[in-house]
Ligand code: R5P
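A single chain comes next, written as structure tokens; it is the form predicted on its own.
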């Protein structure tokens, strides 16, 4: 196997290659004056099993185009198989047609990757892993919640209460609780399908005088997380941390979260940021060795 670290995941790609003790083919990349992307492999990939590592966080469109170019380039250069590691998989939150006439964007992304020659996709904490099972190409969705919980345990948060945003995501809190063993629950939420606005219903939670970690897959604007933090702060929680796999943190979301009463934010390096304290490289390296490319 050979790792090709994409422009958006240079450090993570190198970490994965180091753990697997395999060769890297560097990517030469630049942006033309009109904004188009240029991609060149600085090495041979013919008859090799290629692992392209490229997150597709903002700027999503540019990162996706680079991913398509790298995958199709590997196909043209006669790679034996092409695995794309997409730690944050853009456009997968539109996982069904909520309203008549909407584009089914996750289907479009997978279709384009298949057309580019991709034979396997590995992603982390997709919004709806079940929908990924419907496609022909092999897609493996990994969970980094346990890694986040392990981080907090090492930082002295053993027995902290694990909280998720929404009843449907309660499995996230349950997964974290397997490590922290402090009990778990969920904040009741309701999303408006037209506006996307999320409301949090006030309810009693067993958080008084306790450390609380609020886990989520993605923090984007941070609106729902802020409401949850205020809720548990009002109910007497001690230390409160926001933990997520994908820290998009649009505009001033990070500042707003800390100003709302959070003692800190911790994320993974699925999306490189100032709060990416936990690496998913071991998780991805393990998945790559467990299942051989075809």
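Values in this document were obtained by computation on a predicted structure and should not be read as measured data. Positions refer to the first chain, counted from 1.
There is also a form predicted in complex with this ligand; it is not shown, and the following applies to it.
The contact with this ligand in the predicted bound form, taken as any heavy atom within 4.5 Å, belongs to 219 out of 74, 85, 219, 172. With the partner omitted from this view, the residue of 138, 153, 107, 93 that lies near this ligand in the predicted bound form is 93 [heavy atom within 4.5 Å].
For this ligand in the predicted bound form, the listed stretch (75-83, 175-183, 210-218, 138-146) containing residues with heavy atoms inside 4.5 Å is 210-218. For the chain shown alone, residue 223 is a contact residue for this ligand in the predicted bound form, at least one non-hydrogen atom being within 4.5 angstroms. Taking this ligand as it sits in the predicted bound form, the stretch 117-135 comes within 4.5 angstroms of it through a non-hydrogen atom at just one residue, 127.
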